[in-house]
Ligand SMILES: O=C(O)CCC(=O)C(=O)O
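Just the one chain here, the form predicted alone, laid out as structure tokens.
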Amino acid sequence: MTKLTTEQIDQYKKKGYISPVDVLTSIETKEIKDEIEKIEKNWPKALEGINRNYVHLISPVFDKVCHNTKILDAVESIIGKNILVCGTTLFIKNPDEKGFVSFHQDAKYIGLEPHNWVTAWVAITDSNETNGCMKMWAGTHKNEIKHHNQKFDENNLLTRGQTIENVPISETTPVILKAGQMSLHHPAVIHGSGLNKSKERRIGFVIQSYIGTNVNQVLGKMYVQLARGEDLFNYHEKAERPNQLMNKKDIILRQKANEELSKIFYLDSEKKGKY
């Protein structure tokens, strides 16, 4: 078992996140990059817009990441032994684009209650200040959820462009990761990321989130996989693990999952973004 150390758990409780945690080998990160390129070549729309979500439902390679023992051991240290994979998002920042993530709290719109869940941000390429790594405002998970403005900026990688104003950048900390490392962060910690100013792609695969089986979806419906332990609550729809890339049945399931996710993210919104 590679569970978190006492020091790491203390850091998570104090700051609302921990990093870095080594989880993938260089062979595994190359396999993921190759998978992305294969999908982009053969199914050009399969990772665009809302389809950046739930990629683990149509790809055995991404599914394998979600069930990685090293990741699950670390997650278990935070939320307990009964773990569901609730969703995933692929964040790709190309060097010729202006994609950014405004400062926000994951718990604002996602509808998962109680907050016995954690987001794993897995670096498929190096993630640093040059190429737009995440920045965390440590300790903000201890406060109430803040007001978010909905800006719908076309370059914002969030659904509504949800933005917490006046975040003191000098008080934020860059989460620098090597390819194969991950960070774990609390649903309520304030975080965001800037532009990719490098010459290479910055790729992050985000399991958003691993949830305890006691966590319900209070705004809609979500499709989950049992990753560890047992589910005595059965709050959610169950999704099978894919055994081949872009299987027709899996594509249909991913479409249903994304339709339900869109309903949650845009609940009470008069406008929709591209994600």
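Note that the structure is a prediction, hence the values are computed from the model and not measured. Numbering starts at 1 and runs along the sequence shown.
One more form of this protein should be noted, the form predicted together with the ligand, which is absent from this view; the next part is about it.
Across the proposed site, Lys93, His185 and Gln208 without exception bring a heavy atom within 4.5 Å of the ligand in the model of the complex. Exactly one of the stretches 146-154, 173-181, 200-208, 73-81 approaches the ligand in the model of the complex with heavy atoms within 4.5 Å, and it is 200-208. In the model of the complex, the ligand lies within 4.5 Å of some heavy atom of Met134. The ligand is not shown here, but in the model of the complex it comes within 4.5 Å of a heavy atom of Asp106.
Proximity of Cys86 to the ligand in the model of the complex: non-hydrogen atoms within 4.5 Å are absent; the residue sits far from the partner. Although the partner is absent here, Val101 lies within 4.5 Å of the ligand in the model of the complex, judged by heavy atoms. Residues of 110-131 that come within 4.5 Å of the ligand in the model of the complex, judged by any heavy atom, are Thr119, Trp121 in sequence order.
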